[in-house]
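One chain follows as structure tokens, the form predicted alone.
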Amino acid sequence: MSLPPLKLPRVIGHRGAATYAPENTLASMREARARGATWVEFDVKLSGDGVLIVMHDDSLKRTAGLDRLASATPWTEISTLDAGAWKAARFAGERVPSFAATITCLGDEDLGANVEIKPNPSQEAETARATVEMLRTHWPAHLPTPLLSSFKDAALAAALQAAPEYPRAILIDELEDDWRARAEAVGAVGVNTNGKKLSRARATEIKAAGYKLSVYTINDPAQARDLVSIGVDCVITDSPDVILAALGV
């Protein structure tokens, strides 16, 4: 099916506003909105009993203090973990959120989203299917259609098959000559890449091919301005207020 043109804001908050609040928590989403972001980016994966949670790492240790894989831990246990105390005392008690609770928060805060499908090992298709089903049943009608992204081509391929109506962006840390073939294989309309590794020539190539171009994770104002000057459409940042100001948005 043909997708409408993808409309992205100039700035997206990375994992909410990770400079200021614990990443991938509801507090971080609210903080992003308070600092001017209109969209946020965050990661979704499955708990051990198949509940979609908002979490970047395979392990729960770094951000929630439990040295165990998310894939081996049931939601009833994950939901009690403190995901905020490591950032600052004022965030103590901030929990690892479910994807469903995060969607409710986005609706309340009027935030669009780049939903990164971040599957546990060997759960690419399963996670993608669960993600799009949750979006179909829970996504607020007043919000813009979310963008799906992933480093895992298999996850995007499964999302395309299960829910072609959702736009997709391929995530690639360092762009090689096969970037377009990979994007075409999953029906992507955007390319998300590491802004610190993006060349002017590659940016020009992507834009000339008609793709939206987003970069992560850019927190330096001068670097953000330089990237926009070579054609970048969207800057994903831990500090949305700083980059919004730098770009005059």
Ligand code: G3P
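A residue's number is simply how far along the shown sequence it sits, counting from 1. Just so it is clear, the structure is predicted and the values come from calculations on it, not from any experiment.
A second form of this protein, the form predicted in complex with SN-glycerol-3-phosphate (G3P), is not displayed here; the remarks below concern that form.
**Student:** Given that the partner is absent here, state which listed stretch (110 to 118, 69 to 77, 94 to 102, 136 to 144) has heavy atoms within 4.5 Å of SN-glycerol-3-phosphate (G3P) in the predicted complex.
**Tutor:** Careful reading of the contacts points to 110 to 118.
**Student:** Using the partner position in the predicted complex, report whether R33 sits within 4.5 Å of SN-glycerol-3-phosphate (G3P), counting heavy atoms only.
**Tutor:** Answer no; every heavy atom of R33 is more than 4.5 Å from SN-glycerol-3-phosphate (G3P) in the predicted complex.
**Student:** At the 4.5 Å heavy atom threshold, is Y216 in contact with SN-glycerol-3-phosphate (G3P) in the predicted complex?
**Tutor:** Result yes; Y216 sits at the interface with SN-glycerol-3-phosphate (G3P) in the predicted complex.
**Student:** State yes or no: in the predicted complex, is some non-hydrogen atom of L106 no more than 4.5 angstroms from a non-hydrogen atom of SN-glycerol-3-phosphate (G3P)?
**Tutor:** Judged by the heavy-atom cut-off of 4.5 Å, L106 is well away from SN-glycerol-3-phosphate (G3P) in the predicted complex.
**Student:** At the 4.5 Å heavy atom threshold, is A128 in contact with SN-glycerol-3-phosphate (G3P) in the predicted complex?
**Tutor:** No.
**Student:** Can you tell me which bits of 165 to 196 touch SN-glycerol-3-phosphate (G3P) in the predicted complex, meaning any heavy atom within 4.5 Å?
**Tutor:** Heavy-atom contacts within 4.5 Å come from L171 alone.
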